[in-house]
Ligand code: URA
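Here we start with a single chain on its own, the form predicted alone, put down as structure tokens.
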Amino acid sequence: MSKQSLDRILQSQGFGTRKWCAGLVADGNVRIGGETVTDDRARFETDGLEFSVYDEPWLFREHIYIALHKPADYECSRKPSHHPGVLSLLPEQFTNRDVQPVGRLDHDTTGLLLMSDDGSFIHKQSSPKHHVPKVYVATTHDPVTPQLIEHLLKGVKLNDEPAPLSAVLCEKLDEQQLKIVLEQGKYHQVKRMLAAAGNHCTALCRTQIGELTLEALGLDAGEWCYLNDKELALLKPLA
């Protein structure tokens, strides 16, 4: 545990510069323990600290770990070019804290997206060296055949990859829908693998990362939630 001045606490949580945060406090917009605090230099233990700004409750978090159910037509970029960015779905304070997507989903791909301001966490979850599996449900243009499943499991060659890429698991869900599990996370990987295998992806949703499922989180499209320690522990490599 550590004590910090209130202006530094608010700055660390993404409420603005220290000067701006000092003004928030001086204007009576910050409450701790139900009491208005007007001294920006007042020091508080940060561990478990609950406070409110403009009557909105917040909990001090050293780092933020969240799950977002990404809708279609949003870009996983801090500087989107053709569609709104996923950060526009989150509180403004998260942008100020440098929260960013863990990897990327295409603008038209939906599903489970992790976001954080913890660089070490982002690297671990993004790196193919850690073999964290991602589960996708792909809708295909042509029917799903046993030959397609076999091809994806055996591996397909993509133009810019030195070796064939294969699915960890792949199974037919419906006439034109399949579940595919990948570890690599290459650019447009599911779509490119399906194309290389002779089919075409018309819709794609990421439903699971590690053992954390979108269904268990209960998020509708556009909704997000903080991840607790138990949920974070599910984001692990295959055994």
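These figures come from a predicted structure and were not determined experimentally. For every residue, the number given is its place in the sequence shown, counted from 1.
There is another form of the same protein, the form predicted together with this ligand; it is not shown, and what comes next is about it.
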- Message: Since only the chain is shown here, I'm wondering whether Lys191 would be in contact with this ligand in the model of the complex (any heavy atom pair within 4.5 Å).
- Response: yes
- Query: So in the model of the complex, does Val132 come within 4.5 Å of this ligand, heavy atom to heavy atom?
  - Reply: no
- Partner proximity in the model of the complex: Tyr136 to this ligand, non-hydrogen atom cutoff 4.5 Å: yes
- Query: Is the gap between Leu105 and this ligand in the model of the complex 4.5 Å or less for some heavy atom pair?
  - Reply: yes
- Hey, of 207 to 215, 182 to 190, 166 to 174, 58 to 66, which bit sits against this ligand in the model of the complex at 4.5 Å between non-hydrogen atoms? 182 to 190
- Sole residue of Thr109, Gln93, Ser116, Thr140 within 4.5 Å of this ligand in the model of the complex, by heavy atom: Thr109
